[in-house]
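First, one chain by itself in structure tokens, the form predicted alone.
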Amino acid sequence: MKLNTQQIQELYKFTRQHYVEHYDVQTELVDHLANDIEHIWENKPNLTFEQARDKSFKKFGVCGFMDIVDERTKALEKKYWKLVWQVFKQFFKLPQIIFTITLTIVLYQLFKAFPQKATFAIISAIILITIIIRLIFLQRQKRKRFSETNKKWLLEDSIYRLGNLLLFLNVFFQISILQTRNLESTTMLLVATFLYTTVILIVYITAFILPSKIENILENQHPEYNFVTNR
């Protein structure tokens, strides 16, 4: 016996009730539950839909769907940074490399002309303020998109919160604070310049480029995207 459309929708509702917010993860779980319910009915056809559903759900253990959500979240982080890397490589090809070279030269001259600690503090403050302002804007955009589509996607969520960029920047800034006293040598100055160039490019990619391409990214990653969003 096959599940009908109403029962499939009930499974989506069931996953939401068990704290699965993202449609792509919901769909994976619904497919699993639907197949398992149909298999259960083959052996016990007298069970109701709810009984078969609950029997299938018990197989997920005491944590319910949370283990699956954690697993997909970890896999998503790799996919997210793969997207960042794909864009990052473009900055070392024409015409983007012109921007990269210009940025590197400007940073090098700043580190050379002004006290390194003060320069570091100013650049870091600019980066953090930019991220905070951008995050506020992106969260508003995220809420607007959800009100229009009535769907949440795991990759979309990651793009709008900039992945784990803030954690990355915190580690980088902490290391930089410890190393600023060594910037007197040309070698260390060049290393610092290249590192800061890289950080600025990553911030630009995560905070501006990926969010601006979110429609294309979701369409490429989820073929069903255009069919299930109310646009």
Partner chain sequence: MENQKLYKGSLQTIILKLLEENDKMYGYEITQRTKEITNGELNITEGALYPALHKLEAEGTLEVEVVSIGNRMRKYYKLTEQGTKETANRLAEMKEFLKTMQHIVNPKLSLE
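Positions refer to the first chain, counted from 1. All of these numbers come straight from a predicted model, not from anything done at the bench.
What comes next is about the form predicted together with the partner chain, which is not displayed.
Proximity to the partner chain in the model of the complex holds for none of 89, 168 and 211, with the criterion being a heavy atom within 4.5 Å. This chain is drawn without the partner chain; in the model of the complex, the residue among 82, 117, 93, 112 with a heavy atom within 4.5 Å of it is 82. Contact with the partner chain in the model of the complex, judged by any heavy atom within 4.5 Å, is made by just one of 72, 161, 152, 134: 72. Comment: 73-81 is the region of 126-134, 139-147, 93-101, 73-81 lying near the partner chain in the model of the complex, near meaning a non-hydrogen atom within 4.5 Å. The partner chain is not shown here, but in the model of the complex it comes within 4.5 Å of a heavy atom of residue 27. At least one heavy atom of residue 60 is located within 4.5 Å of the partner chain in the model of the complex. In the model of the complex, the partner chain stays beyond 4.5 Å of every heavy atom belonging to residue 51. In the model of the complex, no heavy atom of residue 186 sits within 4.5 Å of the partner chain. Contacts to the partner chain in the model of the complex (heavy atom within 4.5 Å) from stretch 9-46: 12, 23, 27, 28, 31, 32, 34, 35, 36, 38, 39.
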